[in-house]
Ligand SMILES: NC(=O)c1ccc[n+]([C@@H]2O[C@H](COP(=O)([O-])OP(=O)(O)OC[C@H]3O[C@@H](n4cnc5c(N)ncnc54)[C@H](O)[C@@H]3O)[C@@H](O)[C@H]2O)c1
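Starting off, we have a lone chain in the form predicted alone, written out as structure tokens.
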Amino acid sequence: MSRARVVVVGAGGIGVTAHLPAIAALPEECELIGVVDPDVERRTLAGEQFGCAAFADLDEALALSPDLVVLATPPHLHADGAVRSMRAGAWVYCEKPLTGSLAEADRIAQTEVETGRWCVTVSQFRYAGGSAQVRRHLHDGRWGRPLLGISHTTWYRGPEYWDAPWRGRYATEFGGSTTTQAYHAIDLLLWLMGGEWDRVSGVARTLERPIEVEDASVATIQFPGGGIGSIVTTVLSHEPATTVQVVASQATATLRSLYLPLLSEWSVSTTDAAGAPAPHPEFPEAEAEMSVNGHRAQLAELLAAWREGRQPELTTTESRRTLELITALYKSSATGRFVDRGEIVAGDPFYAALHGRAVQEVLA
């Protein structure tokens, strides 16, 4: 088996807690050859812990000709890192949000075309325990038509969370609770409901925290075929929880979790002959692990696609749908009206910026 040579950019937070352990757990599929971080202490410790070279700059690591670059940096560094890596010959596995604008997402997609390399956005909720089973049964017709979708991300982040200088700012984090905390639940809901959407109406506000970006948002979605959805996000809840639910015509699938779905946290209910709720007899199917590590599972799929020379499951074109939905929510909040899928194009201030500057230009 060909092993991919991997470089991880970002040795703090998610890089050390999720991506580096995921790589270490797949020794037959990949080899960690370097970690990049401008902080000398972080990169040195990560290099020693995971047994690889440590670099201060991405270009130094790209000189090693890696097969895959994992971007675990603050969001404002994603787009340039992805483009530079693909042009150097590597595939890219990039943390969310992929970038801060649809314009940058389109630049990344164009770079995929130009280089023949792929950029995959981290979407571990799709790969965690139970999610794939639920989607398969929703879309093979056995549970009927998806009618109503719910994505509620009600977390808590104290003021100290924003001590990191890049957090809470339009220029570097792009958005708040909707983009940073709720992205994976929103992405999962969109995937479960079929991947497409028609219209969004939303409100995003900074209610409590002393930050530029929002700490709460509420939105409604209209899906093709008549389905509707609800999104609620906040970092102010004193009872943190993540809830994703799809009400279909013959069953209701519900995830009640926090940061990473487990198979045991999914339930699927139907209604018996007497009209009482009952567990669905076809769920769950057995899984190799009750607790599937989403980062590791998605990385394994990406590495398999790289070895086989095929398109991976989640390219920039698909992850752009989620980014467009979030952008439309922000535009709706700024303009006070519904935003239709496809209306945010070049020339629209929201095409150039997910949030922040775009809002200021619209309201000017």
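One rule holds for the numbers: they count along the sequence shown, beginning at 1. Quantities reported herein were computed from a predicted structural model and do not represent experimental measurements.
Keep in mind that the form predicted in complex with the ligand is not shown, yet the notes after this line are about it.
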| request: Decide whether Asp39 counts as a contact residue for the ligand in the predicted complex under a heavy atom distance cut-off of 4.5 Å. | output: yes
| message | Within 4.5 Å, heavy atoms only: does His295 come near the ligand in the predicted complex? | response | yes
| said: Residue-level contact is defined here as any heavy atom of the residue lying within 4.5 Å of the ligand in the predicted complex; does Pro97 satisfy this criterion? | reply: yes
| query | Hey, in the predicted complex, is Pro74 touching the ligand, heavy atoms inside 4.5 Å? | reply | yes
| message | Contact check in the predicted complex: Val9, Gln124 and Arg167 versus the ligand, with a cutoff of 4.5 Å between any heavy atoms. Do all three pass? | response | yes
| task | Please name which of the stretches 240 to 248, 159 to 167, 265 to 273, 218 to 226 has residues with heavy atoms lying within 4.5 Å of the ligand in the predicted complex. | result | 159 to 167
